[in-house]
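You are given structure tokens for the same protein chain in two forms, set apart as structure 1 and structure 2.
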Structure 1
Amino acid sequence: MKLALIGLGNVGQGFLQILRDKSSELAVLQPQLVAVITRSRGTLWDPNGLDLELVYQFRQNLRLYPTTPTLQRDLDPLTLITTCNADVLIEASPSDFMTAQPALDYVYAALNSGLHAVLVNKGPIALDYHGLKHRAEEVGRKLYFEGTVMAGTPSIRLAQEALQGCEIKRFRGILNGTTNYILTQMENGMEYADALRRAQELGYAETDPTADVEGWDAAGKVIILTAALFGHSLTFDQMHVQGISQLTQADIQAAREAGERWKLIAEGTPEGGSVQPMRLPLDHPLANVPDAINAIQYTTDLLGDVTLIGAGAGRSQTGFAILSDLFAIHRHMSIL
């Protein structure tokens, strides 16, 4: 499986480490990284495969990667995507919820050139799920995006595959790791700004953490889920979105004294969606989800409530999401 990777931030690096460290678990995929594309650190293409160790070593400046007879550097990304002959494009650059560009063009170019697409970048799926899905079906390629919601915790695959046949009436959960981490640390007495800084250091926060703390990241995930599960085309301006930046230590204390806890709750139904901070009683299942852990509860007709709790952000946690999508593509290719 020849791979082209866009983005060498936290997630791209986490994925490279997994590729490097888990070669025996990945043997069935026979993965070979042939191209790496970054916005400011250069691009690399070697049809014979790049050296993972060296890509990781020179991740801050790919121009220092040693020359080989077949290596090409600094090609224009669209040219590279359409000519590199990879099987899968992995889009792991930062999420842009305004335009989703240039990632959106890159994913279309990949599908049009016969590549499957795996996204952890939320922008293209949040803004154009139906267009991308339609194109992928037209060209007979897979479009997977498990890592856009709850990192590698299989929130999307659970709903689309394991719960197939159930009617999902609603989902409700904690879908942003950064804010859940901040709220947990504030409960432990840490100041908001310190907790946010720590979340950035741990690789949970977006490049611009405003999207996290103001609720837009969780809202993007609601849009992705409502599109994928209910066929919706929800937009940000159709949702009530409120983050946690206004919550103070006094609010946290007041909730504690009432036997409650603040959580940023994301919700979606076939009718719409919302994101807002809510005070939950301590015996509520979502009240006890700590740190960057996320949770989602699907309300179904046949099973009642089904709840999934697991990692919501982080390098290896999101890197694993890419892996799970690659295995899904491999299963698909094996039955063709």
Structure 2
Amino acid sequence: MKLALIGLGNVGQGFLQILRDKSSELAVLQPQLVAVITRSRGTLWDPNGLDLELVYQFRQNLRLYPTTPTLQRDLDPLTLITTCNADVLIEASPSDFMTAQPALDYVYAALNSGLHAVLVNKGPIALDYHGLKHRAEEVGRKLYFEGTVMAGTPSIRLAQEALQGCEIKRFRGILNGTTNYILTQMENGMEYADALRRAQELGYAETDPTADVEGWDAAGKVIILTAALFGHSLTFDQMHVQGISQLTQADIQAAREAGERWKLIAEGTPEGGSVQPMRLPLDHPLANVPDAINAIQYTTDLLGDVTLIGAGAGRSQTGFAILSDLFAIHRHMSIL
């Protein structure tokens, strides 16, 4: 399986480490990295395969990668995608919920060139899921995006495969680890500002935490899930989105006295979706999900409520999401 990777941030690096450290477990895939594309660090293409150790060593400046007879560097990304001999394009660059570009063009170019596509980048799926899905079906290629919602915790695969045959009536979840960590610290007595500062120190929150604390990251995941599960083309302006930045210790204490706990709940149904802080009774499965952990609960007609709890972010965790999608492609190719 020949791979082209877009993005060498935390997720891309985590995926490279998995390829390097689990070579024996991945023998069935025979993975070979043939192309790497970054916005500012250069591009590499070697049809005979790139050296994973050297890519990782020179990840900050791919132009330092040693020259080989078949190596080509600094090609235009679209040219590289359409001419490389990869089987799968992996899109792991940062998400853009405004335009999804240039990732959206890259994914279409890959599908049109006969590549399967695996996305960790949320933008293209959130903004154009139906268009991408239709194009993938037209050209007989697979489009997977497990890592866009709960990293490697298989929230999408659970819904689409393990729960196949059930009607999913609703999902509710904790889909942002940063806010869940902050709320956990507030439960322990911290003020919001102090908890946010701690989250930033630990790397859970960005210097500008708006997307997390105001609910927009979770809202993007609601859009992805409602499209994939219900076929609903939801947009941000159609949703009620409220974050946690206005919660105070007085709010936390009032909930505690009532036997409840605040959580930022992302919810979706066939009719729409929302993100907002909610007080949950302490015996609710989502109420006891701590720190930066994520969780999702599917309400079904045959099984009732099914709850999945696991990591929602992280270098190796999201790298595993890519790996799980590659195994799904391998299973599909094996059947053909």
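Residue positions are counted from 1 along structure 1's sequence. A quick note: this is a predicted structure, and the numbers were derived from the prediction, not measured. Throughout, rigid core stands for the largest set of C-alpha atoms superposing within 1.5 Å between the two forms.
Form predicted in complex with L-homoserine, given as structure number = That would be structure 1, which is the form predicted in complex with L-homoserine.
Can we say the CA of residue 71 moves by at least 2 Å between structure 1 and structure 2 when the core is superposed?
-> Stays below the 2 Å threshold, so no.
Establish whether a shift of 2 Å or more occurs at the C-alpha of residue 237 between structure 1 and structure 2, with the two forms superposed on the rigid core.
-> Not so; residue 237 is displaced by less than 2 Å.
C-alpha of residue 81 moved at least 2 Å between structure 1 and structure 2 on rigid core = No, the C-alpha position differs by under 2 Å between structure 1 and structure 2.
Once both forms share the same rigid core frame, by what distance in Å has the CA of residue 209 shifted between structure 1 and structure 2?
-> For residue 209, the alpha-carbon shift amounts to 3.8 Å.
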